[in-house]
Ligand SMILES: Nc1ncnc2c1ncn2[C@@H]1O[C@H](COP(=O)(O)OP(=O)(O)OP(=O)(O)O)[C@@H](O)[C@H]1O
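Before any questions on binding or motion, here is one chain by itself as structure tokens, the form predicted on its own.
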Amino acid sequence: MNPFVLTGIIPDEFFCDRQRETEVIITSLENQSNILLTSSRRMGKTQLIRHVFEQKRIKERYCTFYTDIYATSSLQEMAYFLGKEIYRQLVPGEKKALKLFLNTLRSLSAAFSLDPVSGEPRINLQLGDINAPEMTLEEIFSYLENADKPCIVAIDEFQQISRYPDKNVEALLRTHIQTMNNCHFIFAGSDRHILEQMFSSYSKPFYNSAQPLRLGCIDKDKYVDFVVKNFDKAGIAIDSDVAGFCYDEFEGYTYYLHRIFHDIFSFSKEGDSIDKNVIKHTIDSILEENSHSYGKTMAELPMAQKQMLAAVAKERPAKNLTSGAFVKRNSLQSSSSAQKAVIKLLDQQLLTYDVTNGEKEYSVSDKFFERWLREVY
């Protein structure tokens, strides 16, 4: 099996590090705290959540549900995806729990039926069936609160609720969540500036309602050791300096490193030796594979945003994006247009930032895209 797993649940033997973060999340949940898990995109937060759910202390004691609302644009869609995820998890389990869920969701009774042959319940839930999303969510939360086992719900890309056209979504969700004793939540997301506003602003409903955990890079030495050991098990040689070179090139972002080593492992055979040229060739192949998509993204951006994105990619990371020095150095139009471009690019999640010593450091969210921009622009 390729040890650099990109999709699905990663087996423990192929899960690199994150012992501290795993313990923090499990302990917090056991002590009935909600978690706010943030990271840059592709840092591994989704896999960390799935890893936590597979740990014995969680798996044997809790019902766990994970839903990604990144693609949603309304409360209706959120209720739809959350309802389907709970149903999907309950079907293989005890019929008592599934029956309770179906009986609780009265607003969707038309979407549930019994198979005429087996007598088993089945669902034919369509997005259009969610006619009263507030009521459906209230019923979902009621089920979670009355389930016979404590529940954990992970909502990934939680910042999306701030973009819903529905009124008072944050207040609505907070009203339900703050009264629940049988269910606790992991709010996860990659849009740091929105999530910080949601959970750190005194005027917001979710203020101070979850324990924050920022997911950074896996320690370089630990990741390099993971790479070298797994290639060595397959009889493929890779020097720690070569693995470290790749780590530095992509600043320790887990997905991009895993994607590169996944591809290399796939095309290598016992007795091969991996050097920097193999790393560079693999990166070039990935960029070529995605070049059309990257070009399309740039073509759809206004000139000011396009220039800003290219400038940030070159500076890696970039600071003081609206300063006169940055504007002049990168031949941008003006500080005001630079500010507008940054706001738009952050909103589209094409840009992200981290805070170092109180100063924001910006970078392109997609590290393969960032490298493509440096080479093309």
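We number the residues from 1 along the sequence you see. From a predicted model like this one, the values you see are computed outputs, not experimental measurements.
Only in words, not in the display: the form predicted in complex with this ligand, which the text now covers.
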item: One residue of T67, T322, T46, T64 in contact with this ligand, assessed in the predicted complex (non-hydrogen atom, 4.5 angstroms); value: T46
item: Among the candidates V169, L287, I218, A97, the residue which, in the predicted complex, approaches this ligand to within 4.5 Å (heavy atoms); value: I218
item: Proximity to this ligand in the predicted complex (heavy atom, within 4.5 Å), stretch among 249-257, 275-283, 301-309, 192-200; value: 249-257
item: Contact of F15 with this ligand in the predicted complex (heavy atom, 4.5 Å); value: yes
item: Proximity of R316 to this ligand in the predicted complex, heavy atoms at 4.5 Å; value: no
item: Contact label in the predicted complex: I10 to this ligand, heavy atom within 4.5 Å; value: yes
item: R42, heavy atom within 4.5 angstroms of this ligand in the predicted complex; value: yes
item: Interface residues of 345-377 toward this ligand, as seen in the predicted complex [heavy atoms, 4.5 Å]; value: none
